[in-house]
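Just one chain is shown here, as structure tokens, and it is the form predicted alone.
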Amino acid sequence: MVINVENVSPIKKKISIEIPTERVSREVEKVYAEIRRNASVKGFRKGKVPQPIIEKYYSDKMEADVLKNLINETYMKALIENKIVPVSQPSFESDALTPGQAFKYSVTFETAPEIELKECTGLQVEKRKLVSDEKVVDGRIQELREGMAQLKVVEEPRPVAMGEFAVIDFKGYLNGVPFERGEMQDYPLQLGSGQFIPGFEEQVVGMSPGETREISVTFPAEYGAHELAGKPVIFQVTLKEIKEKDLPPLDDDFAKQFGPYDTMDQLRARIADVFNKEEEQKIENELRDRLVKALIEKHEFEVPEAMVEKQLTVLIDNMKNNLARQNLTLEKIGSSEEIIRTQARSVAVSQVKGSLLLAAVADKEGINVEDAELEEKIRDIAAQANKDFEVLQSFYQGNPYAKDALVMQLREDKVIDYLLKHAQVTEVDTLSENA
């Protein structure tokens, strides 16, 4: 067998294989023998059909089976002998199979690039300083306060203002005819919340209790109910009453409702501590992202399209899962897989480059993940998810893909720790755009 490996590009290879006549002939004889054992031809007993008849009726099946057998055997052998690992589906081209002649075929596929690592120590990266922000603490306390607010009816006669709750009755008309699901009574609408069709809430502002008003709006073109999408409609709206939030006072009694706090100072201190921990984690994530970015900027290389597409699929699946937890879909937010693939392509390319570079550094420096480290990580995951460690460990043992992904994550984390240890980190108040 003759094997020729051609580098079509830094990330694409073509293997041409020629199988000698003797090997082809043996495979043809073998396949015809298998066909004869099971062939059913009228006028002949099973297993006794003459060879010319077999060739007449089963030549197509013979060719298909011989091609499959020869390619399966020789393609894998060529990959192993040349230590090649494809990262994409192979594309085959071949001559017609002719008994008594050698058989030639070629296969093209993408491979991971061979990366020539530059000096990876001494990478220069910026790290944002942790700055406590009292405005953030004030904002989170205000959120807690808003959550504890009670709605109270406004007694004095006056127009409703933006931000207040308007309790309304409404009925919608399309071309003068009431439309389905267009009517409600005693609906509490917070003006300015954006709950209703654009333009509706603004027209309620200024109404007084007992007043009825016609409100004209147009449904968005992408509205879910197709019979209403893009259509102008009129709503008959009656303001029943106005409600406003009655916010609780920010005193020690308020603080006691949120945990073991005796004073507002204790609550503020706890909120500040939580914020600082969140910021520390965010700063650490930023630093690690910038380190990988700095590593990528030192290396110029192509990435296989198959790996980019695979990473895009991961990004889209993650986005779908996050939306599903909010009872949303890509369609509901006016997007689609095609749009996300276009928008997120540069992100996917960077992520693939980063993973390839981190793997190259790990190989060069001999950085690996020990069994004890993997077990410790699984214990951490189990604790955070409130799951049984043995059950989670069994899951990873029974799912090689999930286990490999976790090992790769741990290995990348160790490589980043190694690079950070040897990097030049500068603390700054604000990160520069290109740092």
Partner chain sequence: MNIYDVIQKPLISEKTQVEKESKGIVAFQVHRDANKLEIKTAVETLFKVEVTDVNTINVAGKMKRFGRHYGKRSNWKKAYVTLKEGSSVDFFEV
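None of the values given here were measured: they were computed from a predicted structure. Positions refer to the first chain, counted from 1.
What comes next is about the form predicted in complex with the partner chain, which does not appear here.
Asks: Could you check which residue among 26, 37, 45, 68 gets a heavy atom within 4.5 Å of the partner chain in the predicted bound form?
Replies: When the partner chain is considered in the predicted bound form, the option within 4.5 Å is 45.
Asks: Of the residues 367, 381, 53, 406, which one places a heavy atom within 4.5 Å of the partner chain in the predicted bound form?
Replies: For this set of options, the contacting one is 53.
Asks: Please run the contact check for residue 395 against the partner chain in the predicted bound form: heavy atoms, 4.5 angstroms, yes or no?
Replies: Residue 395: no, not in contact with the partner chain in the predicted bound form.
Asks: Is residue 57 close enough to the partner chain in the predicted bound form to count, meaning some heavy atom within 4.5 Å?
Replies: Yes.
Asks: Mind telling me which stretch in 58-66, 385-393, 45-53, 367-375 gets its heavy atoms within 4.5 Å of the partner chain in the predicted bound form?
Replies: Contact criterion met by 45-53 only.
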